[in-house]
Ligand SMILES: Nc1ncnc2c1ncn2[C@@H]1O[C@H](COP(=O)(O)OP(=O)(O)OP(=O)(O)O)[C@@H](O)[C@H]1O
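This document opens with one chain alone, in structure tokens, the form predicted alone.
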Amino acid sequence: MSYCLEKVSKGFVSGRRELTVLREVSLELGGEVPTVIQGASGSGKTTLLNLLGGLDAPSAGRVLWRGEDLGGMSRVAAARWRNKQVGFVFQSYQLMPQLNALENVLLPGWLGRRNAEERARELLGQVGLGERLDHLPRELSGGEQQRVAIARALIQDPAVLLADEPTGNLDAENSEAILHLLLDLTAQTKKVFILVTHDDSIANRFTQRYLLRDGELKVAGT
């Protein structure tokens, strides 16, 4: 298995109170089956995704990637691991407004990958934006901006793609197109693909489904 969560808990301090978001979550994820984690707003989905991506550390328990404890990495090692192994797709796109589509996709590649521009052009072609390389984010629709974000997430050819409500800002037609694109691209490259959502219509497209509720993670339907 690629990921193993061992009794992972996560809490935050709010004023004088400590809020527990995740409670002893244990889970094994990996292989070629796309995974969806479903939960209501505020259920801890993004927190869990940040733990899987090494952006945050658990309050208790361990997050293991192929047997290595992410919490045991130095900041430099963790940043290097994220850059090489993980691609992130966010609801809000998070594109740099002053950079065009090609330059936005190139951002992770500028951190050390050769021939990044050739790869960026190829990816933008795959997501249907081969003719929009020079366009700034404000010149692109929401669906097109998310396609740029997907290409950016894949520029380093990561082993893992983590998507946080990637269709949340899109209409139904664009949501369907983006979801199909994500599933297709990750299937072609056999990446670990984990998506979090509150939307039943999105979650129903996945065969491997988990439900996050009250800090606990369970197989959907159990």
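Everything numeric here is computed off the predicted structure, so don't read it as measured data. Quick note: we count residues from 1 along the sequence shown, nothing fancier.
The same protein has a further form, the form predicted together with the named molecule, not shown here; the description that follows concerns it.
Screening Thr186, Thr46, Gln156, Asn174 for any heavy atom within 4.5 Å of the named molecule in the predicted bound form leaves a single hit, Thr46. Although the partner is absent from the chain shown here, none of Glu32, Leu64 and Val160 has a heavy atom within 4.5 Å of the named molecule in the predicted bound form. A residue is said to contact a partner when one of its heavy atoms sits within 4.5 Å of a partner heavy atom; Ala57 fails this definition for the named molecule in the predicted bound form, lying far away. Contact between Val21 and the named molecule in the predicted bound form is found at the 4.5 Å heavy atom cutoff. Segments offered: 33-41, 166-174, 65-73, 186-194. Contacting the named molecule in the predicted bound form at heavy atom distances within 4.5 Å is 33-41.
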